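One chain comes next, on its own, written out as structure tokens in the form predicted alone.
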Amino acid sequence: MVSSASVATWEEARVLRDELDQTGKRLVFTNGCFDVLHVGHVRYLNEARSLGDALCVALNADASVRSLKGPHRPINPVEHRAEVLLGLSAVDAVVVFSEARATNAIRAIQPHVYAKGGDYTPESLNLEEREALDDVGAQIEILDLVAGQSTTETLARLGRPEEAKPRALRLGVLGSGRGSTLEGLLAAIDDGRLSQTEVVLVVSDVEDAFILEIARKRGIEAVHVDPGPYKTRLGEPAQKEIRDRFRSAAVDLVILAGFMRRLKTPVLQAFPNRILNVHPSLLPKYPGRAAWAQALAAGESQAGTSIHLVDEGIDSGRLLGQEPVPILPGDTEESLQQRIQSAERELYPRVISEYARLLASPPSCE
């Protein structure tokens, strides 16, 4: 069994899990920052422990906390946070992970039960962690929150509002044209529809694209990346440079805004399930270029706009939201495109906000 006196390795936690499994018992697993322990944490951990026969807590390392919570966190270093947790009777083992998510720890330890706070549902868990839990066959349990108890509120009561303030969601925008989609996102940020969000980097494959000028006028870093000698795809050096640019800017989501080339492995692997695109049709109808013109030529009664995740196909990723736009008598390609763009300006910020909540860090990470 894992000693309660020290932090366990993932391998030791897996031994604990296997020993329990051999006797028909279950290991419960949860993860978080546990930066400033409060009564909500204690009740949560006690309830989690009651779901099985031992509780393993995966603790974010200090750098991981900073990436999730900002430069002022953690308040206490990981060794102190681990020691406090190990002093609780509900906690049987503590492991540490350095990534933003506990995905790899879940796969290595393979817990029987996964506990999560009550402001989530099984469907809204982080997508990477949910996939790992499904792969190892873990039972997911959503636990009640303790009203009025959170690290944010604790820090605010201590008079440290700069630490209590949530870190803004960092968007990287990739576009090829005049930047109407970027303008819509910036307008949504300005008027509060897309709160706690900032555009930190705009990249274009077109050197004189007006989207870069829009970014520069707003004081946003704007970068041209040479796409290479191809018309519809990016060369390998361009793919790697875009990946590295967004990584260096600590981007949370990559937003495609009229980007006319296909992304491949270097970018897709660096931002799994974190690249969004807007397409001017009701997918899966009319993928590809000039979708509004395709709908008009086909005699459709409506067109629309779709927001989807980006994969290696052409407009084939998972749909996140759609908005229909009726085709009116006398519509031209230009008039229809303009109304679709108006719908897009409303839909894209809303979907980004909703999707960001699904990717948010665990409530126990407070």
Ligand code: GAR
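Throughout, we count residues from 1 along the sequence that is shown. Keep in mind that what you see is a predicted model, and the values were worked out from it rather than measured.
FYI, the form predicted in complex with glycinamide ribonucleotide (GAR) isn't displayed, but the following is about it.
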Assert contact residue (glycinamide ribonucleotide (GAR), in the predicted complex, non-hydrogen atom within 4.5 Å, options Q294, T103, Q239, T181) equals T181
Would you mind picking the one in P77, G228, G177, P266 that has a heavy atom within 4.5 Å of glycinamide ribonucleotide (GAR) in the predicted complex? G177
Close approach of Q341 to glycinamide ribonucleotide (GAR) in the predicted complex, 4.5 Å, heavy atom: yes
For Y114, is any heavy atom within 4.5 Å of glycinamide ribonucleotide (GAR) in the predicted complex, or not? no
Quick check on A93: any heavy atom within 4.5 Å of glycinamide ribonucleotide (GAR) in the predicted complex? no
My question is simply whether M260 lines the interface with glycinamide ribonucleotide (GAR) in the predicted complex - judged by any non-hydrogen atom within 4.5 Å. yes
Where does glycinamide ribonucleotide (GAR) sit in the predicted complex: which of 106-114, 277-285, 189-197, 216-224, heavy atoms within 4.5 Å? 277-285
